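The data below hold one chain only, encoded as structure tokens and taken in the form predicted alone.
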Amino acid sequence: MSEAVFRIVAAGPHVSVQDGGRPGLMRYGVPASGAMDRLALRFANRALGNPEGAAAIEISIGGLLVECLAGAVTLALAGGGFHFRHGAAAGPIWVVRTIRAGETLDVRPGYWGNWCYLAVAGQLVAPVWLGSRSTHAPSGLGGGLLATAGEFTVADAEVRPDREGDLVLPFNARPSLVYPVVMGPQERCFPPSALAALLSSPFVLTDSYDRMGVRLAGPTLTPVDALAIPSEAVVRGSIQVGGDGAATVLLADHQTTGGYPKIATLVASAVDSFAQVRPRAPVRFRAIDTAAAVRLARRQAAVERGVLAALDRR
């Protein structure tokens, strides 16, 4: 068996180990966590022939520079519009390459996107917590953050030259300007003016952004007598509103329960794209009913199955 060892020359904030998450544990108060952009993680792993939920390195807009100290391994990069430099080669990610001892890989943000994924042909060695290597950022449990001057190892590292080359960027990987939402579950707690403002006005993502969620700047959506509602389960993509009327979209590390009213919920198939919208960028919301949300999710799932299956035929 072989292994590849890497030194972390520089790592930005929020660079961490993530995988498909730990679903099914929210009833015990454990967030699902996992990749912020689940489609990109699946794509990077599938490009290497890995299980789609295998652990990878989630790279933030702070970037990542690593040096291979020993061994060799084929890796895939997918996610936002980032760029890489590997030896004399440079270009946009959505690519599969092999890195060998003595070589460096530098991944930096480009013009769009917040997150990209470095998957490896092997097993990323990282702690497992409750069956997953995903890092829960608030607690640090799981695979953990990558820090400058640290190291990481890929066990059972393989070189897969047949997998090398450029990847096709899926059409739905880029962030959108308008996102579909299903109203509620507490839309009753808001006056008609707040509901209208949510759907007719632009919002801007603020710098108050982490893996738990992002606060929006825009119209005040003050709830009416809603701050005493019982605490209940929340889901990724919920748009919750505090007493100050400011909306927050909950993301991968969101709390499992909460008492703030949720004015609407992003359609699940749109949440990965939303995670790639950068702070200070504008978005709008468009209401659809649950039947339309199901149809949208099924159409997107069919497209994604086709895109992922095409990777097996490269």
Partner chain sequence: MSVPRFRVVAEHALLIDFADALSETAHAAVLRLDRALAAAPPPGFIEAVPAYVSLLVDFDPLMTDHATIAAAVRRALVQDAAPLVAGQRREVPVCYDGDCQRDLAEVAERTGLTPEAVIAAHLAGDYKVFLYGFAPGYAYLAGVPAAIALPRKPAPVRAVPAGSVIIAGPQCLITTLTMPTGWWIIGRTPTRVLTGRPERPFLFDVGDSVVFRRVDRPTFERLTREART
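Residue numbers count along the first chain shown, from 1. Only a predicted model underlies this, so the values are computations on that prediction, with no experimental measurement involved.
Heads up, the form predicted in complex with its partner chain isn't pictured, but that's what we're talking about next.
Enquirer: Can you pick the one in Asn50, Ser273, Ser60, Thr265 that has a heavy atom within 4.5 Å of its partner chain in the predicted complex?
Expert: Filtering the options by heavy-atom distance leaves Thr265.
Enquirer: Could you check which residue among Leu65, Leu251, Val30, Ala54 gets a heavy atom within 4.5 Å of its partner chain in the predicted complex?
Expert: Flagged contact: Val30.
Enquirer: Using 4.5 Å between non-hydrogen atoms, is Ala293 touching its partner chain in the predicted complex?
Expert: Close contact exists here: in the predicted complex, Ala293 approaches its partner chain to within 4.5 Å, heavy atoms only.
Enquirer: Using heavy atoms and a 4.5 Å limit, would one call Glu164 a contact residue for its partner chain in the predicted complex?
Expert: Output for Glu164 is no: heavy atoms all beyond 4.5 Å of its partner chain.
Enquirer: In the predicted complex, does Ala297 come within 4.5 Å of its partner chain, counting heavy atoms only?
Expert: Flag for Ala297 set to yes.
Enquirer: Using a 4.5 angstroms cut-off on non-hydrogen atoms, would Met26 count as touching its partner chain in the predicted complex?
Expert: Yes, Met26 lies within 4.5 Å of its partner chain in the predicted complex.
Enquirer: Of the listed stretches (179 to 187, 155 to 163, 115 to 123, 240 to 248), which one has a non-hydrogen atom within 4.5 Å of its partner chain in the predicted complex?
Expert: The contacting stretch here is 179 to 187.
Enquirer: Any chance Leu130, His136 and Thr256 all have a heavy atom within 4.5 Å of its partner chain in the predicted complex?
Expert: Result yes, every residue of the spot touches its partner chain.
Enquirer: Any residue of 194 to 211 with a heavy atom within 4.5 Å of its partner chain in the predicted complex counts; write them all down in order.
Expert: Result: empty, none.
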